[in-house]
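Coming up is one lone chain in structure tokens, specifically the form predicted alone.
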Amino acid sequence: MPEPPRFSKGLDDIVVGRSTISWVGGETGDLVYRGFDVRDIVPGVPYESVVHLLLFGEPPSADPSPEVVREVAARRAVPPSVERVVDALPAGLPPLEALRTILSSLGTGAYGYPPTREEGFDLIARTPVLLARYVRRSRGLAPVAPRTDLGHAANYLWMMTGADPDPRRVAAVEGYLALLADHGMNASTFALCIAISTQSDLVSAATAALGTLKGPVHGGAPSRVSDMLDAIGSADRAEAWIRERLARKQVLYGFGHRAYKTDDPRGLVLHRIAREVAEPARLALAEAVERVALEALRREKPGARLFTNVEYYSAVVLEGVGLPRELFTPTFAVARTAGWTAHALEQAADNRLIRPDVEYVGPPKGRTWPRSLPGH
């Protein structure tokens, strides 16, 4: 009898391929983009240059990347047919729900297989433009036209608010986008790669990725961190609130990560960014809650190796730049379009249909269909 295939629920420790794009060091607390430690390049390196690194494999000739700046700015103009789809969506949808439909509307039939870098630039450029258009119309405001003289982060804030964005907020959003641009073979990227492996198109694959990112155990929890901080309210209430939460076996949002068994490097950088844009009282509350939570987790779950994850200070940063909570995960998607594009190109360059096996544990072969059923 052949040995049964190895079983790993959730594909823990299963290697599904090889990649040159990014490395997640879960034991060491590393995140590396094509050999560059993110802590060495963020903040500082513009998002457009990070996109260049992910899509071309090497740093650009100048910061921000002239090629990416040119391509993304030129592609912010959206076809009228796609704008009509956005405008037809009912007001009041959660922006993440709207964005799923908006992304799929980009699939006009012009995209095919294999995906191209140019199609990726379309995805990167148009996702925030269409998201901002929907959000403003949903609020009863006139859409704001994109500007070609602004960088990616600045144009995103401009289209959301209709006002020239504060440079500190632009820098914070740029840092956030760069840190969230890619993260190895995470769930949404895996969903995208599965779609590409079938020789589907980039828009369909990105829509599958966004549907996966929507789940709160992948990308949907930053707003819950804000809700948690609101519920605690003040530092002196943190210990009792957290003790009661843990006693009920409930989750502390912003703590623990499937990959990292030490500090999440993105969270460390976002903490620094938060000091530049967060309201001082809000930052002080977040820092106090973090200290109490980590102490409680180590006391209540010894050996669990739970640390602050990327979502915790993501919430504080995105609050600080003025984005409402319903835009936290959509903004995550805006960032991740770069990584999705890079992985789609890499998957297609050496493609094989992704089709894992499953261990059957049902009744054995040989059952007989009951002949007493009506109709026999």
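Think of the rigid core as the biggest set of C-alphas that the two forms share within 1.5 Å after superposition. Residue positions are given as counts along the sequence shown, with the first one as 1. Please read all numbers here as calculations on a predicted model, not as lab measurements.
The protein also exists as the form predicted in complex with another copy of the chain; that form is not presented, and the subsequent description refers to it.
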(Q) in the predicted bound form, is there a heavy atom of another copy of the chain that lies within 4.5 Å of any heavy atom of residue 198, even though the partner is absent here? (A) yes
- Look up in the predicted bound form whether residue 85 has a non-hydrogen atom within 4.5 angstroms of another copy of the chain, and give yes or no. yes
* Asked: Does residue 183 reach another copy of the chain in the predicted bound form, with heavy atoms at most 4.5 Å apart?
  -> yes
| another copy of the chain contact at residue 208 in the predicted bound form, heavy atom, 4.5 Å | yes
Answer among 100-108, 115-123, 278-286, 151-159 for heavy atoms within 4.5 Å of another copy of the chain in the predicted bound form: the stretch 100-108
Residues in 340-371 that come within 4.5 Å of another copy of the chain in the predicted bound form by at least one heavy atom, in order, are 347, 350, 352, 353, 354, 355, 356, 357, 358, 359, 360, 361, 362, 363, 364, 365, 366, 367, 368, 369, 370, 371
- Message: On a rigid core superposition, would residue 365 pass a 2 Å threshold for CA movement between the shown form and the other one?
- Response: yes
